[in-house]
Each structure stands twice: as structure tokens, then as C-alpha cells.
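Here we start with a single chain on its own, the form predicted alone, put down as C-alpha cells.
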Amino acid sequence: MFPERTAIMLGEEPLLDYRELGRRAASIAASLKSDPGLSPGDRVALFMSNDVAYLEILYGIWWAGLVAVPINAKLHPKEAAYILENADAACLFCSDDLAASIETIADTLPALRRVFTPGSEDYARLQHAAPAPLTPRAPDDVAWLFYTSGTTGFPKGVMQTHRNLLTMTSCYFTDVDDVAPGDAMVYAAPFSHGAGMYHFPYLLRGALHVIPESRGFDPEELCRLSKSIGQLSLFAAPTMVRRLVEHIETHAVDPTGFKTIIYGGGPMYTEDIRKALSVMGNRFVQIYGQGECPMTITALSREHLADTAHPRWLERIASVGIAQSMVEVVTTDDRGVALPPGEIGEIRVRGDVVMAGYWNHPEASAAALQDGWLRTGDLGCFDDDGFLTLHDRSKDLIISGGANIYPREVEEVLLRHPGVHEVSVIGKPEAEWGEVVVAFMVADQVTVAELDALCLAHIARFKRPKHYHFIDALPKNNYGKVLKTALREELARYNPQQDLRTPEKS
């Protein structure tokens, strides 16, 4: 509709208009259908840092009727290999900074036919092939495989359909924000997760997509872009919001170039959002969602965040808001019976945004999807006005800097050390990151350096424990289950500044 509008910018430099973005997507689609000869429904993975090519690749995948499998660029190559194998990915797009790590695992993936690196000659040929016609797909066909860790520690592929993503996008317009010509979404968080999913509203409105030159989160750079481009929005984890607010306050930056900052992915403390509103004004919206119900369970609007005259304002800004418009949200007891306001129960969600299930995992799908409802595993309660407050995560998920960390996957790596006999991992509240990883261990003849090296060899750096605490025995109940509640109580007795790592040997 608006082919001449700028679509993609690198920093302050316009790179592509919508005409060229569409042409490239259609050319990439033609290439994928001819060589490596993919068919509708085949999976194509993206193991990429944020890049100006990300959107043209995504739309090339969908133009050809294929399924996108974005992989977190921070993952260890072994973790990326597991996802590629599980998804049976036939093709991989890998950014130049990650290409060397992929070379070490590509030979172990027999289903992987081709690997393309944006900027290479092979990739340039994709971009300039004769464009292909759009491949029709049905609303319930899978569009995106979103890999999220499960309670076993192994990632599961959430099957997000075209209907799911359309519903999520509709809720953005009704419950989060509107998008006008000239508005810009800046991708300071990874494309492979929530930030990338929020490109849809901006594409539908022919608005701007901005890739920071840093390819990531830099408060100074974001402030510069807000001044030069204006009407700048972004999705950010609470820790990113805190750093941006601190920078703006410290350097007396004019925040008027920012339009909307949507935050989610972890706990936002009341005092932090109060300070953010004080420093930057009424520019914030909170969302609560899961990969299984992408970005769409509840939302706390800018109007409610700004309503300081309301007698329960402090309670409301500590909540995650009210149910978004195209979902039903309830809290239930263990039997699935809906609970009244004020009672804490498991949060369940129903609607067209809820996933189709987990890829090739019928048992996990049956456990998560019951009687038409998604069991989130999160605990919360409603107030009389429909505001939902989260109270705990029943799956012991740790959220650090907006990234999900499941204790089991860290525990399994630490147990690879012959000197480690038992281990239990929990999250420790921390102002900067929301939570940090703490490992309680029964071990002998183990150094911290050895444990750090073991983690770095098998899992992403951000999952490595920040503290190791060596004890004689893990607290357990009569059935032998580790009592993580007791570990949290023990951790709370320590000085927050105390480093629980041992100097050398335990």
C-alpha cells in the first residue's frame, strides 16, 4: 500500500523501503523453494544476532509457506544444535558473528541441507532471484516455532500458528498501543523473542523498523535515536527499563522522543516503575504473556499506570493489569475450578492466541492444554476490578534480565563434574537483573573456576550461576524431594552483599 515508505533503518540511516523489502522476501522465498528445495511446512531456523536482514528472511520464509524457527543468539552452539535437530530444520540462516560456532555442529545435523550467512555471496544470490508468488497458508498452519525451556530442562517448540500471531497483533492495537505513520519500533532486545514479535503491528501500518548499530541495548544510543528519529517505541525487560531510566536521569536527557516503552518478561518492582514514570512520564505499558500465549495474557495500560489519584494505584501498578481483549483469563484451584477475586490460584488462558501445542511432544501438550485452557503454571489472583497480580511461578522458573532460565538445565550441567554429588538451583532476587542464579551444592574437591568452565562449555553464559553455596546436605522431604523453599529461606539469611562462592576448594 505504501511501497515508498522507509521500512528498515540501521541506526539513523534508511536502508530499505517497503517495495524493496517485499521484493527481497519474494526472492528469498523463490530461492528456498528451488534450492534447497523446501516445501510448505518445512522448518527454517534463524540463529542470528539482530540484523537488518532479519525481517526480509522471516518474510521470505512465510512467503514460501515455511515455518520460522528463531533461535536465541545467546545460546551455546550445543543448545542451538538441540533445537535444530528437534525442529528437523532443513535450512539455517546464521549471522556472521555466529558462523564459526555453527561450523562445529553442522556436520552432526543430517537434516540440515543449507546454511546461509547474510552478507555472503550465497545470500546475495537469494536476494536477487526471480520473485516467487505468495504461497497460501491456512490460519491454523504453524508459522513460528518458539523454543522455550520445559520443566525437564529440554527446550520445547511452541507451535504458534498464523491465527495465534494475528490475534496477538490485534491485541497490540486494542490493549497495548496504536501505530501511526512515522512511528518507529527499535529492536534493542533479541528478534528471536518478544521484541521480534512486535514487528507485526509496525509492518501492518507501514511504519519504521530500526536496528541499532550496536545490534543491542545501549541507553545512550537509544536516546540519540529517540532524538533523531522520534516517536520511538521498544519492548524491554525490566532491567533494561531501569538502565534506560537511570541514564536519562543522570544525563538529563529529554525523553519526548520516546513514544511507548512496553515492559515484560520479568518482575517490575513498584519503586522502579514509579521512578520510571517520574523521570520519563506517561510512556509505559506492561504486558504479561508466555511463549505458549505470545505477549497476550494481560496488559497494564498507560492510563492505569498514570492514574495516581486512584485509591489503589500502588496495588494496580504492582499488578500485570487486566485480561487482554481477545482472551479469557481465570485463576483456578488444583481441580480446575475458577476462584473468586482475592484467592490465589493457577492462571489459565483461553482464546485464539493460545498455541496449537508443543512440537512433537504430545504428552507435554496434553498437560498444558486441558479442556480448551492453557495451564500457565503461574500463580496469581484477581482483585474485584479484574487486575491480576502474580504471586509465584510454580515451575521454579528463574527470570534474569528478561531471559528465562530453568533450574534443571543448569543442575544437569553442574552434575557432570565428578566432584558434584547433589545440586539444587534457585533464583535470588536482585535489583539490576530481577533474579540471579544461585546453586546449592553437595560436593568435594571442586573449584569455582572448574564449575564456571563447565557451564560455559555447555550452556549460555547468562545461565551460569552467579553464586555457589556449598553445604553438607540438601534439605529434603520424606519422599526425597529437595525443599527449595528451605533453600530460599537459608539464602534470605545471608547478607545480600555476601558472595557465596568459596575461595578455591569446597
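Remember, predicted model here, so these are calculated numbers, not experimental data. We number the residues from 1 along the sequence you see.
Not on display, but discussed next: the form predicted together with adenosine monophosphate (AMP).
Distance criterion of 4.5 Å from any heavy atom to adenosine monophosphate (AMP) in the predicted complex singles out 267 from the list 182, 336, 267, 429. The single contact residue among 196, 201, 291, 351, judged by any heavy atom lying within 4.5 Å of adenosine monophosphate (AMP) in the predicted complex, is 291.
Although the partner is absent from this view, residue 378 contacts adenosine monophosphate (AMP) in the predicted complex, with a non-hydrogen atom inside 4.5 angstroms.
Although the partner is absent here, residue 167 sits far enough away that none of its heavy atoms falls within 4.5 Å of adenosine monophosphate (AMP) in the predicted complex. When contacts are judged by a 4.5 Å heavy atom cut-off, residue 286 counts as touching adenosine monophosphate (AMP) in the predicted complex. Contact check for residue 404: a heavy atom falls within 4.5 Å of adenosine monophosphate (AMP) in the predicted complex. Partner proximity in the predicted complex, defined as non-hydrogen atoms within 4.5 angstroms of adenosine monophosphate (AMP), places exactly one of 257-265, 125-133, 170-178, 421-429 at the interface: 257-265. The candidate site formed by 7, 15 and 232 is entirely out of contact with adenosine monophosphate (AMP) in the predicted complex, as no residue has a non-hydrogen atom within 4.5 angstroms of it. If you take 306-333 and check each residue for a heavy atom within 4.5 Å of adenosine monophosphate (AMP) in the predicted complex, you get just 320.
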